[in-house]
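The chain below stands alone, shown as structure tokens; this is the form predicted alone.
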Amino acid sequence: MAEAIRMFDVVKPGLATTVQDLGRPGYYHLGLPISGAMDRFALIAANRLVGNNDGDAGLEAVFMGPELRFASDCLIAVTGADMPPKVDGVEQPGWTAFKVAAGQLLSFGFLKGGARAYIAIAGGIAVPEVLGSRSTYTLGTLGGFEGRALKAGDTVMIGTAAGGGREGMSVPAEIRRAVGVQGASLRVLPGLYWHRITEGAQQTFFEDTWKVAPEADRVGYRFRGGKKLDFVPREQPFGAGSDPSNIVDSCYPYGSIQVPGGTEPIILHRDAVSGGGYFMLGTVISADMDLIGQLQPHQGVRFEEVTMEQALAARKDEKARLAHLETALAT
């Protein structure tokens, strides 16, 4: 008997389900964003549960999961947001590898916490690589499945499973990132333009509680509710524009915080442009960028000032968490 073709059909696409891997580095200086999973740890964990490489492509589902019908038996893991997966209506555990048989339907319950779930399938999503990545950059219709989010009726191919994952393998609770927690804290390293706002504004930025705005997406997370930032008076340089939040065009680091008009901070994320004319008061440290991808609209957030030494220590802690994950799954 011929082996069943490894693929699935999209019955319902969910709200915004895209193919993502760990991103497309190396082109940011050309204006092409890195894209990739908003919560990299969650995708890596899901891939390891099913025996994939860390950088294999999976699905990122936002707020509402898809319905997928599989043409062959597959090993699957769902991590990230608390969005319970179901096989033919029977709920399966999150952060745990489980099997889907040929003909069965993978669906999802209502979102209970977080924002983005990651679906890894043994063998990975087999879309073509574009500039070294399978990630979807929807604004540029680049990569992923035809450069867009999945639609009902799509048929998506799955790669050949390498083995290594097993049914029931699970990520220990202490390694998982808590999602949906009110009062989340994002650590910020003040940047080159920090001096552009007054000392009072610097203080209130870290004292205020900000709330995620509904416009938050893969390009950037906007925040509201804090006090408007006051700028140090100056004569605007040629080419900077009249608003005090404008600067002469500059590069935007991944995770940088711009505040147009001094009112609503925007953290630039995976699909953001690489430069422009708004000042940046600082950058969210790399260790906290995954957390941003799990924040829901209206969720309260505080910003916390850190030093470069503290930022590097936090990055070291994240690497240790990945090492802990590897050890836990090996045993």
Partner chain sequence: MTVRYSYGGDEHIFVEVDEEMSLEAFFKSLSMTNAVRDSGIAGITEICPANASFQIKFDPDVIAPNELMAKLKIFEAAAETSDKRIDTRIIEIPVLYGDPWTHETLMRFRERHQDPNTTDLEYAARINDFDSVDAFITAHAGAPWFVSMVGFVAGLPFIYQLVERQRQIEVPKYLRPRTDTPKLTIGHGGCFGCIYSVRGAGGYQMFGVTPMPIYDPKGEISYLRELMIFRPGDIIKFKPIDRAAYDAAVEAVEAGHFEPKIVPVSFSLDAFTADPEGTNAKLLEALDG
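Residue numbers count along the first chain shown, from 1. None of the values given here were measured: they were computed from a predicted structure.
One more form of this protein should be noted, the form predicted together with the partner chain, which is absent from this view; the next part is about it.
- Remark: all three candidate residues (L192, C251 and M308) come within 4.5 Å of the partner chain in the model of the complex, counting heavy atoms only.
- The single contact residue among P237, G200, P214, G163, judged by any heavy atom lying within 4.5 Å of the partner chain in the model of the complex, is P237.
- For the residues I158, L131, A184, L105, the 4.5 Å heavy atom test against the partner chain in the model of the complex is passed only by L131.
- Within this chain, P297 is remote from the site of the partner chain in the model of the complex, having no heavy atom within 4.5 Å.
- Taking non-hydrogen atoms only, G262 never approaches the partner chain to within 4.5 angstroms in the model of the complex.
- Taking non-hydrogen atoms only, V273 approaches the partner chain to within 4.5 angstroms in the model of the complex.
- At the 4.5 Å threshold, heavy atoms of F63 stay clear of the partner chain in the model of the complex, well away from it.
- Comment: 273 to 281 is the region of 65 to 73, 45 to 53, 273 to 281, 297 to 305 lying near the partner chain in the model of the complex, near meaning a non-hydrogen atom within 4.5 Å.
- Residues in 40 to 67 all lack a heavy atom within 4.5 Å of the partner chain in the model of the complex.
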